[in-house]
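Heads up, the chain below is alone and in the form predicted alone; it's given as structure tokens.
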């Protein structure tokens, strides 16, 4: 078991004391090598779930374990080390540094674990080759298509050799053709490298790229037949 969430709640207090339950009693296991797709309407808690799994948000109650590490009660230093060592992020907005080349953007991430510039460059080149962008390594983001920029972002996410990729609407800014390319890239990482991926998305097409699927509604996992639509390639998850 890679992640185990038990009775996780996340509550926000807005202005004038209004309370919003972003996550409501989530119990969920995520296996090593799983490609979990999380869907649901806007405001259903998808991104909150992703950031809580990634140690960027602390639950209001409940427990989250990564192996034997309790993320719910780890201090800031331990959470920072967990993210640096185990997590790679791929976001809807690529967040590439505009004045750096593709190679340099990946090198910035490599520098977090590799102090030698020569080795940073070698790893950056290898990662860009891995996502099919070796011939674009000296291009700046403005010289790349949106799909190519997202592939640079994927290469950057792999710089720390993560255990898990957390992808937040990774195809949200892409047209269907480019979106399919990115989803295929993620599926190859899952199939070939056994990399665990948790992806939140609004895209019905993206569902078919996962190995499993849950749907959130009002911060809870929806178990009604109308709320969850399974395909032949998408087995029903055991939850709760």
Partner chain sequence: MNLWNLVWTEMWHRKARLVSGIMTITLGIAVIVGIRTVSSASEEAVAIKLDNLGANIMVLPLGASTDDYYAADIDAPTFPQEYVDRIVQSALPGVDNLSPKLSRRVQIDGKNIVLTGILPASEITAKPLWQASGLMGNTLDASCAPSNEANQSLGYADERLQRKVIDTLREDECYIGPLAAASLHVRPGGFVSIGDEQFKVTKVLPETGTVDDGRIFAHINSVQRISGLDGQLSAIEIMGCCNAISDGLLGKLRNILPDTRITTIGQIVSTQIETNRLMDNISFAFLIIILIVGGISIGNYTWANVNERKREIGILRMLGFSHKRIYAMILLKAIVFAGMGGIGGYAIGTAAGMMLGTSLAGLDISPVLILLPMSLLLASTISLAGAALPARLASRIEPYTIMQED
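What we label the rigid core is the largest C-alpha set whose atoms superpose within 1.5 Å from one form to the other. Since the model is a prediction, treat every value here as computed from it, not as a measurement. Positions refer to the first chain, counted from 1.
FYI, the form predicted together with its partner chain isn't displayed, but the following is about it.
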Contact assignment for its partner chain in the predicted complex, among 144, 71, 107, 165, heavy atom within 4.5 Å | 107
Any idea which of 204-212, 24-32, 48-56, 178-186 reaches within 4.5 Å of its partner chain in the predicted complex, heavy atoms considered?
-> 48-56
Does at least one non-hydrogen atom of residue 111 fall within 4.5 angstroms of its partner chain in the predicted complex?
-> yes
Should residue 135 be classed as touching its partner chain in the predicted complex when contacts are defined as heavy atoms within 4.5 Å?
-> no
With a 4.5 Å heavy atom cut-off, would you call residue 120 a contact of its partner chain in the predicted complex?
-> yes
May I ask you to check whether residue 151 falls inside a 4.5 Å heavy atom distance of its partner chain in the predicted complex?
-> no
Triplet 126, 131 and 139 all within 4.5 Å of its partner chain in the predicted complex via a heavy atom | no
What are the residues of 1-33, in order along the chain, with a heavy atom within 4.5 Å of its partner chain in the predicted complex?
-> 12
Once everything's superposed on the core, is residue 72 shifted 2 Å or more at the Cα between the shown form and the other one?
-> no
Any chance the CA of residue 83 moves 2 angstroms or more between the shown form and the other one, core superposed?
-> no
